[in-house]
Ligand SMILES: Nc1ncnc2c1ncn2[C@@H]1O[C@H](COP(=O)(O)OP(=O)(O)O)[C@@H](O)[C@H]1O
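As a starting point, one isolated chain is supplied in structure tokens, in the form predicted alone.
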């Protein structure tokens, strides 16, 4: 068995592009699911722009996400996040990676539904924990028991994420495999 990853077929890329049309493909899911990494690579495969909503929020506010949480609290941060995502979705097609709580906000979900397709990168707790416990840049995990906090977030948010247009299982495989699975899921979505 070879570790060589075959490039994504042009046929699959064209089918995915046709299904997406002028809409945006919006990655949703918990922190550590791979939204930014897989989103960036998916955009590259499709030849369309990529934007990370957290980076855009930091750019426009000139503060980090952690600083925004500390200064204004989660409620104000979510309001800013909703405004930024709404603006990002007004032109397409593009790939947008969102923060873990963005899709939980009903206003943001409506913007995404109106201007794009959502893809939930669904990951199990052990996968997420392995990915997020190495850095302390996650404001919501600055708790006494961050793994339990992550599990609580899963219980609260997964039923909402399940409403996404597409679901792809995020797991420990090569990123190229995940990108191909995202493109395959997108390619089967009805054209608009």
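Keep in mind that this is a model prediction, so the values were computed, not measured. Numbering follows the first chain given and starts at 1.
There is another form of the same protein, the form predicted in complex with the named molecule; it is not shown, and what comes next is about it.
At a distance threshold of 4.5 angstroms between non-hydrogen atoms, residue 173 is in contact with the named molecule in the predicted complex. At a distance threshold of 4.5 angstroms between non-hydrogen atoms, residue 36 is in contact with the named molecule in the predicted complex. The named molecule in the predicted complex is approached by residue 178, whose closest heavy atom lies within 4.5 angstroms of it. Using a 4.5 Å cutoff between non-hydrogen atoms, residue 31 counts as a contact of the named molecule in the predicted complex. Residue 131 is the only one in 103 to 135 with at least one heavy atom within 4.5 Å of the named molecule in the predicted complex.
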